[in-house]
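Next up is one chain by itself, shown in structure tokens, the form predicted on its own.
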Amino acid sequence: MIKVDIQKVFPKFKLQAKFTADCKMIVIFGPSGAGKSLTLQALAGLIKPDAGRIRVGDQTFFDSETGLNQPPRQRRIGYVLQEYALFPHLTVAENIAFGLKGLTRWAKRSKVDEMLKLMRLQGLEDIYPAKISGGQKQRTALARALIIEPKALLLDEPFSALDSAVREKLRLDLSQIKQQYDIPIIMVTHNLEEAYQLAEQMVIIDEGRVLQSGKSSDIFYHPINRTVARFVGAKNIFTGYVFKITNGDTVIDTGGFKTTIGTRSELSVGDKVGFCIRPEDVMVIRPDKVLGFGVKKNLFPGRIVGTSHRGDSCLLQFKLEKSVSNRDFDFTIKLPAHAYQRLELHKYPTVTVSLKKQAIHVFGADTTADNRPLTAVKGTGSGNDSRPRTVDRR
């Protein structure tokens, strides 16, 4: 269990990090300059918070009320930086062994050999960092962090300087480490794919504040506000008013289109809300396709106006047939590459898209980056046309 609740004021920045995690793999995610690395540094004891508390397992590292602030060496934290921070004058084996204290030469060598095997570095023991690849340097840094049997492993953008093939291998290494070591791993990244692949729990941070934390699946599919939705790639983010509620359905009018969601007990006609749907949850239906019962709602005709190939997937830009938006497109759609090829969409001047009702997530319409749950904001009307019709897609 990790509990962090700290505040630290810098000359032009204020860090207010608060989250609890009870799993092995925690990813701190957010844009550059959000406060991710500062949070890791506070955990490692490299910076002292002004107030708050840090606890890992049964050990308290920092408590402003009691005056406790354990130095880094007592916290026994493994810390891996983006730049590796290997000692250039030491060999791979010597770098790995650097943190070991109080062991016999035989015991030290045995532990180093274990790490060399785990990190696939056998045969490189006597090589200096300048002569090994970026992936090998990162594995050496990981081995050095793990050999001290840390209480937690902190990783600050560990794979960002590596090419995609090496990153993928190191992610697999990290999955193996997670299985082999019963310690929490806290990783900082702004790579969404990496976060999605590795995280059991995510902490979304921006401008020094935690916006949302919890299971990664909850954050990806149930973001708390539009800022988090944008960070985690929801892409299709709208603001509208509750137009009507009937027969178990709630209809939201954005001013550009009406969409149906399931009934939400906290919503009433006239409420202003935000909602989003991930691009992979937007279905594309060809004109010759017979519609099933499950897709007869939230159907929107239009045309594909842009295509971006991403290797194993394609991003499509879709413009509504009766669009009132001044943007070039209204929806972003993500299809597997094989599905895009099978559909042969280039043959059809118009297609229909369907927004899966169950995949539409509603949050509060307030656009500030706060941590509040859905708060309905009453509109000026009650289901009629007395309120302004605008499309807000910021």
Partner chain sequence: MNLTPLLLTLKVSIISTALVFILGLLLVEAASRLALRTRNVVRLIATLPLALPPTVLGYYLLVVFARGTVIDKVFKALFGTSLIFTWPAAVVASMIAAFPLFFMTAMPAFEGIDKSLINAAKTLGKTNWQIFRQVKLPLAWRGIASGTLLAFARALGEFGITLMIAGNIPGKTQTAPLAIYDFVVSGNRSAANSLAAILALAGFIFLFLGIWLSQRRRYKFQR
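Numbering follows the first chain given and starts at 1. This is a predicted model, so every value here is computed, not measured.
The form predicted in complex with the partner chain is left out here; the points below concern that form.
Picking from 216 to 224, 74 to 82, 165 to 173, 317 to 325 the stretch near the partner chain in the predicted bound form, with a 4.5 Å limit on heavy atoms, gives 74 to 82. When contacts are judged by a 4.5 Å heavy atom cut-off, residue 139 does not count as touching the partner chain in the predicted bound form. Mapping the unseen interface onto this chain, residue 99 counts among the residues with a heavy atom inside 4.5 Å of the partner chain in the predicted bound form. Among residues of the shown chain, residue 183 is not one whose heavy atoms approach the partner chain to within 4.5 Å in the predicted bound form.
In the predicted bound form, the partner chain lies within 4.5 Å of some heavy atom of residue 131. When you look in the predicted bound form, the only residue of 117, 89, 309, 289 with a non-hydrogen atom within 4.5 Å of the partner chain is 89.
This chain appears without its partner; in the predicted bound form, the one residue of 44, 345, 359, 51 with a heavy atom within 4.5 Å of the partner chain is 44.
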